[in-house]
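Next up, structure tokens for two forms of one chain, structure 1 and then structure 2.
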Structure 1
């Protein structure tokens, strides 16, 4: 049981905020509450590190208090300890400025050498906390605090698919070409989202990821 606040996000959505740092316990609670909240009519439920968004098909106007009461009841109920059936993915990453445009600038900003960045980034087993932003983009828990760096002041217009990046205390992988505000420190040739596969997303909440470094030559072989 966590303390939470509930507020509206526009006419159709309710936002639940938990003032807690990401943790494996919190992740377990979020996974469980997501399942339970999906029993409400006409909703989509998504969670991030410490927030849950519940989307409704009908506006909340005139029925907010009733719906809020149902949501509160679900959030206050105890959870049974559910084992999250996670998969460990070993993900190759090329840490070379040819495929990682921000690597050298990033390293100097965090006062580390590039090989120290690589060592620190490839050490942890990261937990996939949730998928968000774009199809298949994994948000990972476990980044070494020496690697934390605030997002860019102005997001880049185009970040290449496979870009492994750091934003604040987070690290993740861009699955497709998109704008983005994180510092790109590497690139993986692995495809994160494929509409023709089932499931379409390579990762899911509760999985774990271990990065390992590959050379530019190996990267190009993978890339074909």
Structure 2
């Protein structure tokens, strides 16, 4: 069990903050607590690396203490009987500059050759911590420290769907066309989000991702 604080956010939400650095144990705790909190009536629950936001469909006025007591009871309960049923996704990525507009400049900034960037980026098995920023956008943990680089000073107005990018100590994939400040070092032809599917997002918190490199020709075949 982790130490946590609960803050009221207006009439419809509570923010739970855990003073711990991201870890696999904390991720499991967050996944389990999200599932348990969703058993409360009329709520929506989302979390990040070490915070949980509980949004209520009905106002908390007149019932805040009762609802907070229920939230605290859930947070303090055991998670021993609950596990993460994570899936390992093997994701093809094309690191050709035709679909990776920032790759060469990025490699220069981290003092590596392009093939070294690709080797380091495809080596780890990344953990999906949470989905955010855009529908289906996975925040991943496990990026080699040699690849850490702050976001661009000037964000790009348009990043293409499937763009694989690095921002700070994180890597992720843009599911939709959007603005963005991360360095685009590759692209995957895999569709990450489809509003007509159930589930709509390919990834979920607790899953794992292993990238592997494909050629531009293979990438184009995937796109057909």
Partner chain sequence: MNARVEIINKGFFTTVQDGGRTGYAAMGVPESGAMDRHSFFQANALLNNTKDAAMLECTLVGPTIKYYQDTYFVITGAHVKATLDGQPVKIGVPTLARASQTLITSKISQGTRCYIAFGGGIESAITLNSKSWYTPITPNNHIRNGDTFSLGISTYDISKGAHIKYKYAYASAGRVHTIKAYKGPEYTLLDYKQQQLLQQLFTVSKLWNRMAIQLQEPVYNKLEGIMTSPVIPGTVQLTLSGKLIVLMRDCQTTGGYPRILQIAQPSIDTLAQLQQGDTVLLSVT
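Numbering follows the first chain given and starts at 1. Predicted model only: the values in this text are computed from it and were never measured. Rigid core here is just the name for the largest C-alpha set that superposes within 1.5 Å across the two forms.
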item: Selected structure - the one that is the form predicted together with its partner chain; value: 1
item: Yes/no, residue 36 Cα shift of 2 Å or more between structures 1 and 2 with rigid core fixed; value: yes
item: Core-superposed comparison between structures 1 and 2, residue 177 Cα displacement 2 Å or beyond; value: no
item: Residue 73 C-alpha shift between structures 1 and 2 of 2 Å or more, rigid core reference; value: yes
item: Core-aligned CA shift between structures 1 and 2 for residue 59 (Å); value: 5.6
